[in-house]
Every structure is written in structure tokens, then in C-alpha cells.
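Given next, in C-alpha cells, is a single chain: the form predicted alone.
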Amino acid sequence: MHHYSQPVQSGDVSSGNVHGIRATGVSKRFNSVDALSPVDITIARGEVVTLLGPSGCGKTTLLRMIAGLERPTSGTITIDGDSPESASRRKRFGLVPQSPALLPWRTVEANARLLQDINVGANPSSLPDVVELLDRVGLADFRDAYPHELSGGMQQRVGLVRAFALDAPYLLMDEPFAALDEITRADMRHLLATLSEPTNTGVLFVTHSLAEAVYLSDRVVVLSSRPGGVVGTVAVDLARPRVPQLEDDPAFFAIETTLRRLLYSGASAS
């Protein structure tokens, strides 16, 4: 049965050791504006957790604080026991923004290798094969192309490969498919699931899309309107590997309905 409740601890994080991402009592205030009420959230290795909520509720702000790009007004954040800043230096996470931000003078393959090249001093001894990853997302024939020769969906595929090529334990993803049409967006969420499921990568994914949240997630954390607070957490008890046909399953629709009701309750309570 699918349920919603207050945030639950999961995986390694709940067992009391330091592994995983943990945000405890984290809030954010910008000048006189409360952007995010105190929230608790955890992400274990191999777990996909989605932040779902209306525009302006603090989803991206929370992700940016976990990435060390913003400082919380209150609360603590750790990544495998380290501060976000230390975890960033140690390449414990990759950040996937809304735009793939490919360098126009680098080829597809060179863009996909970008993080490996930049972080050469911190790279582990063995890294994923970029060419193999490009082949898995259908871009093997475009290795020598340049970004301007690619569609938006193809550019976003390069961005995904670049993130997974870093081989970080966690990915922080800020609505990376928001600018794509619905058909391409559905294709991209399937590709993300295909890449992440075999790797034991923990993912924090920000979205406005109910279908995206259900398809990708092990848990969905629903935030209220500003100042964002946790309305509830929904466990997504659907089989893996996730396949496109899953979106026609009645169980999929049932979870979407639960999420929609939570979103409405969060909006009305604000």
C-alpha cells in the first residue's frame, strides 16, 4: 500500500552511521522573506528522492544548500558525514542544473568528459567509460558533433552522461527536464532511471511533474507553498527496473492521485 506521512529515515542514514545525505532542521530566510521552513530530509546511497512542490516553495533552495551553494539560516546538512563544502571538494556529488550548459567549442564526447578533465586530481582510479555511456543514451554516432548541432533532448542526454561520468555517490538534479516537450521529457526520465538503477547512485531530484516524481522515485517529499514545509512523504512501491509501460499501471495513477491531494492540501494550508 502506498502511504504518506512525515519524513522517514531510510537506508544507511537511519541506522545511525554517517553515510547518506542528511538535512536536519534546515530553513532559509532571504532578508525579510522566509523561503523554507525547517525541514528534515535524508537520501541514502542507491535511493532516488524527489522534492515536489509548487513554484517558489524552496525546492531549489534546499537543493542548493545541500550542494553548498547557499548557507542555511538554521539546521545542519551532512553528506557522508562531511559538510557540503567538503563533500564538494571530495567530489561526493554531481550537480545537474536545469540547463545542460554545454561548452560550444567542445564536441559531445569532450563535453561528456568535462568533469573528468576538471577533476583529474580527485578522480578515482577507475572511471566510467564516457563512450560507453554515450552509446547507452543513443549518442554514439554524435561523439564528434557540437552542441549547436543537437536538439534540446540530445543536449540534456550529454548533460546526464557528464554527471554519471564523474562517478560520484550522489547526484543533485534541479528540474533538468523542465524545458523539454512532454514526449522528450518522458524519454529522459526513462534514460535517467536506466542510468541510475545499476549504479547505486543516490539521487535528489527536484520537479513540478507528478509523473516524473512517481516514475523516478523511491520516495517523494511534498512541500507546501512558501515558506516551504514538508506536507508529507510518499513511498513509491513500484517494481524496478522502471519501464515506460509503468505509466499506464493503475498503481501509478493511484500514487499520482495521492501526490496531487498532498499538493492541494499544502497549497491551501499556506
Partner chain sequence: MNRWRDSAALWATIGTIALLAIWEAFVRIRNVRKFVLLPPSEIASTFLETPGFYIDNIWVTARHLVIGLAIALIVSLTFGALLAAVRPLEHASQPLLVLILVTPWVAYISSIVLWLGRGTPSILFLVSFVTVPAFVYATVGGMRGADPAARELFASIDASRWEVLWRLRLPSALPSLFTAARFNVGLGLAAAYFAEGAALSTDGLGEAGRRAVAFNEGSILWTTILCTAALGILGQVAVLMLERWLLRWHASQRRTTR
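The shown structure was predicted, so the numbers you read here are calculated from the model rather than taken from an experiment. Positions refer to the first chain, counted from 1.
Form predicted together with the partner chain: not shown, discussed below.
Proximity of Y146 to the partner chain in the predicted complex falls within the 4.5 Å heavy atom cutoff. L69 belongs to the set of residues with a heavy atom inside 4.5 Å of the partner chain in the predicted complex. Proximity of T76 to the partner chain in the predicted complex: non-hydrogen atoms within 4.5 Å are absent; the residue sits far from the partner. Though the partner is left out of this view, R64 does reach within 4.5 Å of the partner chain in the predicted complex, counting heavy atoms only. Of the residues given (I118, I183, A178, A140), I118 alone sits with a heavy atom within 4.5 Å of the partner chain in the predicted complex.
For the candidate set S99, S83, N200, S151, a heavy atom within 4.5 Å of the partner chain in the predicted complex is found for exactly one residue, namely S99. Contacts between 171-185 and the partner chain, taken as any heavy atom within 4.5 Å in the predicted complex, involve no residue at all.
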